[in-house]
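The form predicted on its own is given below as one chain in structure tokens.
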Amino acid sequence: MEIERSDDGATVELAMIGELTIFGAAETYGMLTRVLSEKRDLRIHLGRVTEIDSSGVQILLAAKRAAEKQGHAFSLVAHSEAVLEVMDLMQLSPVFGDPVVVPAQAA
């Protein structure tokens, strides 16, 4: 998993590239933890994710909870086909929200 970071001041965007799976879970979670410690809004770009498993989903859920607990916005954008398939299979659209599908439920 490669992660590209961009920053506009109020929001940090992380572009995930490659496999968001158990094999890179510790490294990915570490990066998200560091970004969340900055206490800013977080946007995760998933357009170049080639594979995602339950560990990847757990990382995204943990990041969402942590950001919202700190009072910051969290969003997932540009879902790849692999991500859409898993989100659909696990019925996670109500949890993460997707403007095309359904708004996120309040935490």
Partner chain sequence: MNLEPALEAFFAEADELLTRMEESLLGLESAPDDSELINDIFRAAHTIKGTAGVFGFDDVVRFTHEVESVLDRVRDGEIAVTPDVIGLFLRNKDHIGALVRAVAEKTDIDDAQRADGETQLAELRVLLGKPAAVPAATGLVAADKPAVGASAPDMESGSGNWHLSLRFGTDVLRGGMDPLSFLRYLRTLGDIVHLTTVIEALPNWLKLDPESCYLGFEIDFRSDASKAEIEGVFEFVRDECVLHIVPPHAQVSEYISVIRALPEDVTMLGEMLVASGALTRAELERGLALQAGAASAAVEPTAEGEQPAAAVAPPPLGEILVETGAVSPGVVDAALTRQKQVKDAKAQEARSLRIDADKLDQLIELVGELVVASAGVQNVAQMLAQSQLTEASEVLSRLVEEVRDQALSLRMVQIGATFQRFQRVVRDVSRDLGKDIELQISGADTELDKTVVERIGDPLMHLVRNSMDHGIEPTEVRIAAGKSARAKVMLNAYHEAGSIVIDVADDGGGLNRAKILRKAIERGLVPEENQLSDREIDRLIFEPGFSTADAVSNLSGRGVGMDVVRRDIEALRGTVEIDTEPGKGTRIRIRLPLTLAIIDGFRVGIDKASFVLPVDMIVECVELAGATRDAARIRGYLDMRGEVLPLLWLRQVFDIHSDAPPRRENVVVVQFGQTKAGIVVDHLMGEHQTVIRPLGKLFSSLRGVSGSTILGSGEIALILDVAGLMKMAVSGTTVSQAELAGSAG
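Treat the numbers as computed from the prediction; the structure is a model and nothing was measured. Positions refer to the first chain, counted from 1.
The following text describes the form predicted together with the partner chain, which does not appear among the structures shown.
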Exercise for review: Report yes if any heavy atom of S75 sits within 4.5 Å of a heavy atom of the partner chain in the predicted bound form; otherwise report no.
Suggested key: no
Review point. Is L89 one of the residues lying within 4.5 Å of the partner chain in the predicted bound form, judged by heavy atom distances?
Key: yes
Check your understanding: So in the predicted bound form, does L46 come within 4.5 Å of the partner chain, heavy atom to heavy atom?
Key -> no
Review point. With the cut-off set at 4.5 Å between non-hydrogen atoms, does S55 touch the partner chain in the predicted bound form?
Key: yes
Review point. Are there residues in 30 to 65 with a heavy atom within 4.5 Å of the partner chain in the predicted bound form, and which are they, in order?
Key: L32, T33, L36, I52, D53, S54, S55, Q58, I59, L61, A62, A63, R65
